[in-house]
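Below you'll find only one chain, the form predicted on its own, shown as C-alpha coordinates.
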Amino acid sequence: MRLMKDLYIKDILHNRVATSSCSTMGWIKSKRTSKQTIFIDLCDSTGCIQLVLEKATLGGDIFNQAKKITIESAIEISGTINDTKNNREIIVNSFTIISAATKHFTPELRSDFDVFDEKYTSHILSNRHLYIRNPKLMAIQKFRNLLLYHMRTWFFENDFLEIAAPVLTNTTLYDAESTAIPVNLHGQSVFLSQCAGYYLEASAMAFEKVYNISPSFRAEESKSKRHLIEYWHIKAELTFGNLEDIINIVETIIRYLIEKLQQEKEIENIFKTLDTEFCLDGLKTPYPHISYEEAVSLLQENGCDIKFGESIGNEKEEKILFEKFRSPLWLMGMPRSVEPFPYVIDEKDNRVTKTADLIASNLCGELLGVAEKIYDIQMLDERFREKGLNKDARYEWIRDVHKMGCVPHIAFGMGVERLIRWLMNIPHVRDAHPFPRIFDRKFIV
(Lines give C-alpha, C1' and ligand atoms only; values in the text may rest on other atoms or scores of the structure.)
Protein backbone atom coordinates (compact mmCIF):
# COMPACT_ATOMS: atom_id res chain seq x y z
CA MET A 1 0.00 0.00 0.00
CA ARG A 2 1.27 3.49 -0.87
CA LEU A 3 2.16 5.79 1.99
CA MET A 4 0.66 8.83 0.25
CA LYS A 5 -2.30 9.03 -2.10
CA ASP A 6 -1.36 11.06 -5.17
CA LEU A 7 -4.20 10.29 -7.57
CA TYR A 8 -7.81 11.18 -6.82
CA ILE A 9 -10.96 10.08 -8.61
CA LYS A 10 -11.51 13.57 -10.04
CA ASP A 11 -8.08 13.29 -11.69
CA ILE A 12 -9.11 10.06 -13.39
CA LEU A 13 -12.51 11.41 -14.43
CA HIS A 14 -11.03 14.61 -15.89
CA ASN A 15 -8.12 13.14 -17.87
CA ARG A 16 -5.38 14.17 -15.47
CA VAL A 17 -3.62 10.81 -15.83
CA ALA A 18 -0.53 10.52 -18.01
CA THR A 19 -1.24 6.93 -19.12
CA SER A 20 -4.22 4.59 -19.30
CA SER A 21 -2.97 2.81 -16.17
CA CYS A 22 -3.85 4.16 -12.73
CA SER A 23 -3.86 3.37 -9.03
CA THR A 24 -6.00 4.94 -6.34
CA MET A 25 -7.70 4.39 -2.99
CA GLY A 26 -11.18 5.01 -1.64
CA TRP A 27 -14.33 3.61 -0.09
CA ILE A 28 -16.94 1.27 -1.53
CA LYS A 29 -20.26 3.04 -2.06
CA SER A 30 -22.10 0.12 -3.66
CA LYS A 31 -21.47 -3.27 -5.24
CA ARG A 32 -23.15 -5.55 -7.80
CA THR A 33 -21.95 -9.10 -8.33
CA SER A 34 -22.33 -11.99 -10.76
CA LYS A 35 -20.45 -15.24 -11.16
CA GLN A 36 -17.63 -13.80 -13.22
CA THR A 37 -17.81 -10.02 -12.71
CA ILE A 38 -18.12 -7.55 -9.84
CA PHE A 39 -19.04 -3.90 -10.31
CA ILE A 40 -18.00 -1.57 -7.49
CA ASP A 41 -18.71 2.14 -7.17
CA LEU A 42 -15.58 3.57 -5.57
CA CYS A 43 -15.76 6.97 -3.87
CA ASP A 44 -13.28 9.38 -2.41
CA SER A 45 -13.52 13.03 -1.35
CA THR A 46 -13.57 14.18 -4.98
CA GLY A 47 -16.02 11.87 -6.75
CA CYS A 48 -17.10 8.37 -7.64
CA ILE A 49 -16.07 5.93 -10.40
CA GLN A 50 -17.13 2.42 -11.41
CA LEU A 51 -14.67 -0.45 -11.00
CA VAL A 52 -14.96 -3.64 -13.06
CA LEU A 53 -13.44 -6.73 -11.44
CA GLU A 54 -13.16 -9.85 -13.61
CA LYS A 55 -12.56 -13.26 -12.07
CA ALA A 56 -10.40 -14.27 -15.02
CA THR A 57 -8.08 -11.31 -14.39
CA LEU A 58 -7.88 -11.30 -10.60
CA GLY A 59 -7.92 -15.02 -9.91
CA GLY A 60 -10.34 -16.93 -7.70
CA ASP A 61 -8.98 -15.98 -4.26
CA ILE A 62 -8.85 -12.22 -4.84
CA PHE A 63 -12.18 -12.30 -6.67
CA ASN A 64 -13.82 -14.06 -3.72
CA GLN A 65 -12.38 -11.49 -1.31
CA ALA A 66 -13.85 -8.75 -3.44
CA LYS A 67 -17.17 -10.58 -3.57
CA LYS A 68 -17.37 -10.66 0.23
CA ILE A 69 -16.15 -7.13 0.86
CA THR A 70 -18.71 -4.91 2.62
CA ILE A 71 -20.04 -1.47 1.74
CA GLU A 72 -17.85 1.36 3.18
CA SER A 73 -14.73 -0.80 3.25
CA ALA A 74 -11.57 1.03 2.17
CA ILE A 75 -9.60 -0.44 -0.71
CA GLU A 76 -6.65 0.22 -2.98
CA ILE A 77 -6.87 -0.72 -6.65
CA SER A 78 -4.81 -0.55 -9.81
CA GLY A 79 -6.11 -0.98 -13.30
CA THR A 80 -6.73 0.36 -16.77
CA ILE A 81 -8.97 3.29 -17.58
CA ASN A 82 -11.76 2.37 -19.97
CA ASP A 83 -14.20 4.75 -21.66
CA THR A 84 -17.65 3.34 -22.44
CA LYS A 85 -20.47 5.02 -24.31
CA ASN A 86 -21.91 6.49 -21.08
CA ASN A 87 -19.10 6.77 -18.55
CA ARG A 88 -15.49 6.18 -17.57
CA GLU A 89 -14.55 3.11 -15.55
CA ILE A 90 -11.50 1.23 -14.34
CA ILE A 91 -10.81 -2.39 -15.31
CA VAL A 92 -9.14 -3.63 -12.12
CA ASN A 93 -6.04 -5.81 -12.20
CA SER A 94 -4.96 -5.38 -8.56
CA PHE A 95 -7.26 -5.26 -5.51
CA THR A 96 -6.18 -4.77 -1.86
CA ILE A 97 -8.35 -4.36 1.22
CA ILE A 98 -7.07 -1.52 3.40
CA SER A 99 -9.77 -1.68 6.09
CA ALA A 100 -13.01 -3.68 6.11
CA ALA A 101 -16.27 -2.11 7.31
CA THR A 102 -17.89 -4.26 10.00
CA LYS A 103 -21.21 -2.47 10.59
CA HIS A 104 -24.25 -1.97 8.39
CA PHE A 105 -26.39 1.17 8.30
CA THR A 106 -29.75 1.83 6.71
CA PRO A 107 -29.96 4.02 4.72
CA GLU A 108 -26.42 3.31 3.52
CA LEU A 109 -24.12 6.18 4.34
CA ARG A 110 -23.39 7.34 0.80
CA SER A 111 -26.71 6.36 -0.76
CA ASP A 112 -28.94 8.83 -2.57
CA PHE A 113 -31.68 9.37 0.02
CA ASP A 114 -33.26 12.60 1.25
CA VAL A 115 -31.07 13.57 4.20
CA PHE A 116 -33.47 16.46 4.93
CA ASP A 117 -36.49 14.18 5.43
CA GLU A 118 -37.57 14.47 9.09
CA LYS A 119 -38.01 10.70 9.35
CA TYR A 120 -34.21 10.34 9.11
CA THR A 121 -33.26 13.32 11.29
CA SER A 122 -32.76 11.57 14.61
CA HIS A 123 -30.91 8.66 13.03
CA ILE A 124 -28.57 10.93 11.08
CA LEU A 125 -27.86 13.16 14.10
CA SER A 126 -27.12 10.13 16.25
CA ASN A 127 -24.70 8.84 13.63
CA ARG A 128 -23.39 12.12 12.26
CA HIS A 129 -19.82 10.87 12.57
CA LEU A 130 -20.65 8.38 9.81
CA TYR A 131 -23.29 10.18 7.73
CA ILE A 132 -20.83 13.03 7.22
CA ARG A 133 -19.78 10.81 4.29
CA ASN A 134 -23.12 11.31 2.57
CA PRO A 135 -22.70 13.23 -0.73
CA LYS A 136 -25.40 15.78 0.19
CA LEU A 137 -23.89 16.57 3.57
CA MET A 138 -20.44 16.64 1.96
CA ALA A 139 -21.70 19.11 -0.66
CA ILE A 140 -22.88 21.51 2.08
CA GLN A 141 -19.49 21.39 3.79
CA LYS A 142 -17.72 22.04 0.49
CA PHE A 143 -19.95 25.08 0.03
CA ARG A 144 -19.18 26.21 3.58
CA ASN A 145 -15.46 25.90 2.90
CA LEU A 146 -15.72 28.05 -0.25
CA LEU A 147 -17.91 30.62 1.48
CA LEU A 148 -15.50 31.11 4.37
CA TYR A 149 -12.56 31.30 1.97
CA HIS A 150 -14.19 34.15 0.05
CA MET A 151 -15.33 35.81 3.29
CA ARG A 152 -11.75 35.94 4.57
CA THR A 153 -10.56 37.07 1.15
CA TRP A 154 -12.97 40.03 1.23
CA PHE A 155 -11.75 41.04 4.68
CA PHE A 156 -8.11 40.74 3.60
CA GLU A 157 -8.66 42.73 0.40
CA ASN A 158 -10.41 45.47 2.39
CA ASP A 159 -7.66 45.80 5.04
CA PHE A 160 -9.45 44.14 7.95
CA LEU A 161 -7.24 42.42 10.53
CA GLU A 162 -8.35 39.07 11.94
CA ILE A 163 -8.48 39.07 15.74
CA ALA A 164 -8.31 35.79 17.68
CA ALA A 165 -10.92 36.55 20.33
CA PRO A 166 -11.18 34.33 23.44
CA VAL A 167 -13.82 31.61 23.62
CA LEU A 168 -13.70 31.73 27.45
CA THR A 169 -14.93 35.05 28.84
CA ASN A 170 -16.15 36.47 32.15
CA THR A 171 -18.71 38.78 30.50
CA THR A 172 -21.86 38.02 28.54
CA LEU A 173 -23.32 40.13 25.75
CA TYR A 174 -26.98 39.30 26.18
CA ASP A 175 -28.95 40.41 29.20
CA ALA A 176 -29.86 37.08 30.71
CA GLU A 177 -26.99 34.88 31.84
CA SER A 178 -29.47 32.03 31.52
CA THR A 179 -28.63 31.95 27.79
CA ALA A 180 -24.88 31.75 28.52
CA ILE A 181 -23.08 28.44 29.06
CA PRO A 182 -21.10 28.56 32.33
CA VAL A 183 -17.72 26.92 32.84
CA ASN A 184 -15.93 26.47 36.15
CA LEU A 185 -12.26 27.11 35.48
CA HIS A 186 -9.98 26.63 38.49
CA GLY A 187 -12.71 27.91 40.78
CA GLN A 188 -13.60 30.93 38.64
CA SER A 189 -17.01 31.04 37.01
CA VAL A 190 -16.65 32.01 33.34
CA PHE A 191 -18.71 31.51 30.19
CA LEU A 192 -18.33 30.19 26.68
CA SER A 193 -18.37 33.21 24.40
CA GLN A 194 -21.69 34.43 23.06
CA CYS A 195 -20.00 36.99 20.83
CA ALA A 196 -16.51 38.36 20.12
CA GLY A 197 -17.84 41.94 20.10
CA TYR A 198 -16.19 43.25 23.26
CA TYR A 199 -12.77 42.08 22.11
CA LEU A 200 -13.25 43.44 18.60
CA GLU A 201 -14.32 46.78 20.09
CA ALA A 202 -11.09 47.02 22.10
CA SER A 203 -9.05 45.87 19.08
CA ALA A 204 -10.72 48.39 16.75
CA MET A 205 -9.24 51.21 18.82
CA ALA A 206 -5.82 49.91 17.74
CA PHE A 207 -6.37 48.51 14.23
CA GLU A 208 -9.54 50.40 13.15
CA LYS A 209 -10.87 47.54 10.93
CA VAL A 210 -11.07 44.11 12.57
CA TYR A 211 -12.98 40.85 12.25
CA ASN A 212 -13.35 37.44 13.84
CA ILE A 213 -14.77 34.11 12.63
CA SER A 214 -15.19 31.68 15.51
CA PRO A 215 -17.73 29.64 17.49
CA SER A 216 -20.36 31.27 19.69
CA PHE A 217 -22.52 29.54 22.26
CA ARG A 218 -26.11 30.10 23.36
CA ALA A 219 -28.01 27.94 25.84
CA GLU A 220 -31.27 29.23 24.41
CA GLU A 221 -34.15 26.77 24.69
CA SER A 222 -35.23 26.96 21.08
CA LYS A 223 -36.13 24.28 18.57
CA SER A 224 -36.51 26.69 15.66
CA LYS A 225 -34.93 25.96 12.29
CA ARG A 226 -32.34 28.72 12.75
CA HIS A 227 -30.99 28.04 16.25
CA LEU A 228 -28.02 25.99 17.37
CA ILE A 229 -26.37 25.81 20.78
CA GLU A 230 -22.95 26.13 19.12
CA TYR A 231 -22.69 28.07 15.89
CA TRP A 232 -20.06 29.97 13.94
CA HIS A 233 -20.14 33.75 14.02
CA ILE A 234 -18.73 36.25 11.51
CA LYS A 235 -18.13 39.48 13.44
CA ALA A 236 -16.57 42.71 12.22
CA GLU A 237 -16.07 46.18 13.66
CA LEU A 238 -14.60 49.37 12.23
CA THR A 239 -14.13 52.89 13.50
CA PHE A 240 -15.52 56.16 12.22
CA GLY A 241 -18.76 55.07 10.58
CA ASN A 242 -22.53 55.15 11.01
CA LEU A 243 -25.47 52.81 10.56
CA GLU A 244 -25.81 53.55 6.85
CA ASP A 245 -22.12 52.71 6.35
CA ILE A 246 -22.36 49.28 7.98
CA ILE A 247 -25.55 48.46 6.06
CA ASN A 248 -23.74 49.28 2.80
CA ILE A 249 -20.76 47.15 3.83
CA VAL A 250 -22.94 44.14 4.62
CA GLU A 251 -24.81 44.41 1.32
CA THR A 252 -21.47 44.65 -0.49
CA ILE A 253 -20.18 41.55 1.31
CA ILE A 254 -23.26 39.45 0.54
CA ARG A 255 -23.22 40.47 -3.12
CA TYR A 256 -19.46 39.75 -3.28
CA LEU A 257 -19.88 36.29 -1.74
CA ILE A 258 -22.66 35.28 -4.10
CA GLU A 259 -20.78 36.53 -7.17
CA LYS A 260 -17.57 34.76 -6.18
CA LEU A 261 -19.36 31.52 -5.29
CA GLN A 262 -21.17 31.54 -8.63
CA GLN A 263 -17.77 31.53 -10.34
CA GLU A 264 -16.52 28.44 -8.51
CA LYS A 265 -16.22 25.31 -10.67
CA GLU A 266 -17.65 23.11 -7.91
CA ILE A 267 -20.85 25.10 -7.42
CA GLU A 268 -22.85 23.46 -10.21
CA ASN A 269 -22.08 19.97 -8.91
CA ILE A 270 -22.76 21.03 -5.31
CA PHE A 271 -26.29 22.20 -6.09
CA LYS A 272 -26.91 19.30 -8.48
CA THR A 273 -26.02 16.89 -5.67
CA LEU A 274 -28.40 18.68 -3.29
CA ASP A 275 -31.15 19.12 -5.91
CA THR A 276 -31.60 22.72 -4.73
CA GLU A 277 -31.01 26.12 -6.31
CA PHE A 278 -28.57 28.82 -5.29
CA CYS A 279 -30.51 31.69 -3.70
CA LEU A 280 -29.51 34.82 -5.62
CA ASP A 281 -31.86 37.25 -3.85
CA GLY A 282 -28.89 38.93 -2.17
CA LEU A 283 -27.61 40.27 -5.49
CA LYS A 284 -30.44 42.81 -5.71
CA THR A 285 -29.10 45.70 -3.65
CA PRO A 286 -29.96 47.92 -1.91
CA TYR A 287 -32.41 45.89 0.16
CA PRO A 288 -35.66 47.58 1.22
CA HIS A 289 -35.97 49.12 4.70
CA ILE A 290 -38.86 49.14 7.14
CA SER A 291 -38.75 50.65 10.61
CA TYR A 292 -39.45 48.44 13.59
CA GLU A 293 -42.46 50.61 14.43
CA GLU A 294 -43.86 50.28 10.89
CA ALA A 295 -43.29 46.52 11.01
CA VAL A 296 -45.20 46.22 14.29
CA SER A 297 -48.14 48.13 12.78
CA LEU A 298 -48.08 45.95 9.66
CA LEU A 299 -48.07 42.77 11.74
CA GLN A 300 -50.88 44.01 13.98
CA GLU A 301 -52.96 44.80 10.89
CA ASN A 302 -52.44 41.20 9.79
CA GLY A 303 -53.61 39.65 13.05
CA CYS A 304 -50.34 39.25 14.96
CA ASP A 305 -50.41 39.63 18.73
CA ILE A 306 -47.33 41.84 19.09
CA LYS A 307 -46.66 45.05 21.00
CA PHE A 308 -44.01 47.72 20.59
CA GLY A 309 -40.89 46.63 22.45
CA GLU A 310 -41.25 42.91 21.71
CA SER A 311 -39.06 40.86 19.38
CA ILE A 312 -40.20 40.14 15.84
CA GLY A 313 -39.34 36.73 14.55
CA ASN A 314 -41.88 33.92 14.68
CA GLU A 315 -42.81 32.15 11.46
CA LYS A 316 -46.14 33.93 11.04
CA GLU A 317 -44.53 37.35 11.40
CA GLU A 318 -41.70 36.49 9.02
CA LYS A 319 -44.17 35.20 6.43
CA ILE A 320 -46.11 38.48 6.48
CA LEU A 321 -42.92 40.50 5.98
CA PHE A 322 -41.68 38.17 3.24
CA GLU A 323 -44.95 38.28 1.32
CA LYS A 324 -44.88 42.08 1.37
CA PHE A 325 -41.28 42.56 0.21
CA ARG A 326 -40.18 39.26 -1.43
CA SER A 327 -36.59 40.28 -0.74
CA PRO A 328 -33.98 40.44 1.99
CA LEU A 329 -35.26 43.20 4.27
CA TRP A 330 -33.67 45.61 6.74
CA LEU A 331 -35.71 45.91 9.93
CA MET A 332 -34.55 49.28 11.25
CA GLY A 333 -34.35 50.66 14.79
CA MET A 334 -34.72 47.70 17.13
CA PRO A 335 -36.17 48.61 20.57
CA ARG A 336 -33.75 49.26 23.40
CA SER A 337 -35.74 46.86 25.58
CA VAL A 338 -34.59 43.84 23.54
CA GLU A 339 -31.17 44.99 22.32
CA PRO A 340 -27.95 44.47 24.32
CA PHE A 341 -26.46 47.49 26.09
CA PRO A 342 -23.52 48.39 23.79
CA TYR A 343 -25.67 49.87 21.01
CA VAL A 344 -26.34 53.60 20.53
CA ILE A 345 -29.74 54.99 21.51
CA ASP A 346 -31.43 56.84 18.66
CA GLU A 347 -31.53 60.54 19.57
CA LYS A 348 -34.66 60.98 17.42
CA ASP A 349 -36.58 58.26 19.29
CA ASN A 350 -35.07 57.08 22.55
CA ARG A 351 -37.27 53.99 22.54
CA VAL A 352 -35.08 52.42 19.88
CA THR A 353 -31.41 51.82 19.10
CA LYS A 354 -29.34 52.59 16.03
CA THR A 355 -29.43 49.01 14.90
CA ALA A 356 -30.95 46.94 12.11
CA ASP A 357 -31.61 43.26 11.53
CA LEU A 358 -31.39 41.76 8.07
CA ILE A 359 -34.35 39.43 7.52
CA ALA A 360 -33.53 36.88 4.82
CA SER A 361 -35.90 36.01 2.00
CA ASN A 362 -37.55 32.59 1.61
CA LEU A 363 -38.72 32.54 5.24
CA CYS A 364 -35.19 31.99 6.56
CA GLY A 365 -35.62 34.64 9.25
CA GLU A 366 -33.03 36.93 10.81
CA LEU A 367 -29.67 36.54 9.11
CA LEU A 368 -27.55 39.14 10.86
CA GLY A 369 -27.53 42.36 12.85
CA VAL A 370 -25.74 45.69 12.38
CA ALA A 371 -25.27 48.52 14.84
CA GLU A 372 -23.70 51.79 15.78
CA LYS A 373 -21.93 51.02 19.05
CA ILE A 374 -21.78 53.34 22.04
CA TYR A 375 -18.54 55.31 22.38
CA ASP A 376 -19.71 57.90 24.91
CA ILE A 377 -19.05 56.78 28.50
CA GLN A 378 -22.15 58.54 29.85
CA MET A 379 -24.45 56.73 27.41
CA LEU A 380 -22.68 53.46 28.23
CA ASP A 381 -23.25 53.99 31.95
CA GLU A 382 -26.89 54.82 31.29
CA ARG A 383 -27.30 51.51 29.49
CA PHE A 384 -25.41 49.66 32.22
CA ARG A 385 -27.85 51.03 34.79
CA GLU A 386 -30.80 50.17 32.57
CA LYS A 387 -29.62 46.58 32.25
CA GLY A 388 -28.69 46.27 35.92
CA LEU A 389 -24.97 45.90 35.21
CA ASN A 390 -23.70 49.19 36.68
CA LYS A 391 -22.37 47.50 39.82
CA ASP A 392 -20.94 44.45 38.04
CA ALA A 393 -17.14 44.68 38.27
CA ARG A 394 -16.70 42.17 35.44
CA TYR A 395 -17.64 44.88 32.94
CA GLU A 396 -15.15 47.47 34.20
CA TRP A 397 -12.64 46.64 31.46
CA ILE A 398 -15.28 47.57 28.87
CA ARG A 399 -15.70 50.96 30.60
CA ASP A 400 -11.90 51.36 30.42
CA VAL A 401 -12.03 51.13 26.61
CA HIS A 402 -14.65 53.90 26.56
CA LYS A 403 -12.61 56.15 28.87
CA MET A 404 -9.48 56.03 26.70
CA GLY A 405 -10.25 57.86 23.47
CA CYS A 406 -13.06 55.60 22.28
CA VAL A 407 -14.39 56.77 18.90
CA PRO A 408 -17.61 56.14 16.97
CA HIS A 409 -17.57 52.58 15.65
CA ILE A 410 -19.90 50.22 13.83
CA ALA A 411 -20.31 46.47 13.74
CA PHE A 412 -22.11 43.51 12.25
CA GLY A 413 -22.57 39.93 13.39
CA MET A 414 -23.73 37.12 11.09
CA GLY A 415 -24.32 33.42 11.75
CA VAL A 416 -22.42 31.23 9.28
CA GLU A 417 -24.99 28.44 9.39
CA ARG A 418 -27.88 30.87 8.82
CA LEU A 419 -26.11 32.32 5.79
CA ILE A 420 -25.47 28.84 4.37
CA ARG A 421 -29.04 27.75 4.99
CA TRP A 422 -30.36 30.80 3.14
CA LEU A 423 -28.00 30.64 0.16
CA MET A 424 -28.36 26.87 -0.28
CA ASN A 425 -32.12 26.65 0.29
CA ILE A 426 -31.79 23.92 2.89
CA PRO A 427 -34.42 23.45 5.61
CA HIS A 428 -32.46 23.76 8.89
CA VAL A 429 -29.25 25.32 10.21
CA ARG A 430 -28.26 21.95 11.66
CA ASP A 431 -27.61 20.75 8.11
CA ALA A 432 -25.05 23.53 7.61
CA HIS A 433 -22.86 22.38 10.52
CA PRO A 434 -20.77 19.19 10.24
CA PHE A 435 -21.50 18.20 13.86
CA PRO A 436 -24.49 20.27 15.07
CA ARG A 437 -25.31 20.93 18.72
CA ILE A 438 -29.06 21.29 19.19
CA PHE A 439 -31.19 22.13 22.21
CA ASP A 440 -32.77 19.21 24.08
CA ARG A 441 -30.60 16.57 22.41
CA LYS A 442 -27.88 14.54 24.12
CA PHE A 443 -24.41 14.76 22.62
CA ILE A 444 -23.54 11.31 21.30
CA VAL A 445 -20.54 12.43 19.28
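Residue positions are given as counts along the sequence shown, with the first one as 1. Predicted model only: the values in this text are computed from it and were never measured.
There is another form of this protein, the form predicted in complex with another copy of the chain, and it is not shown here; the text below is about that form.
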Would you kindly say which of 286, 303, 182, 309 lies with a heavy atom within 4.5 Å of another copy of the chain in the predicted bound form?
182
Find the only residue in 366, 162, 349, 281 having a heavy atom within 4.5 Å of another copy of the chain in the predicted bound form.
162
Per contact check vs another copy of the chain in the predicted bound form (non-hydrogen atom within 4.5 angstroms), the hit among 317-325, 185-193, 293-301, 82-90 is 185-193
Can any non-hydrogen atom of residue 400 be found within 4.5 angstroms of another copy of the chain in the predicted bound form?
yes
In the predicted bound form, does residue 113 come within 4.5 Å of another copy of the chain, counting heavy atoms only?
no
Please determine whether residue 78 contacts another copy of the chain in the predicted bound form, using a 4.5 Å cut-off between heavy atoms.
no
Answer with yes or no whether residue 263 is in contact with another copy of the chain in the predicted bound form, where contact means some heavy atom within 4.5 Å.
no
If you apply a 4.5 angstroms heavy atom cut-off, which residues in 303-339 are near another copy of the chain in the predicted bound form?
none
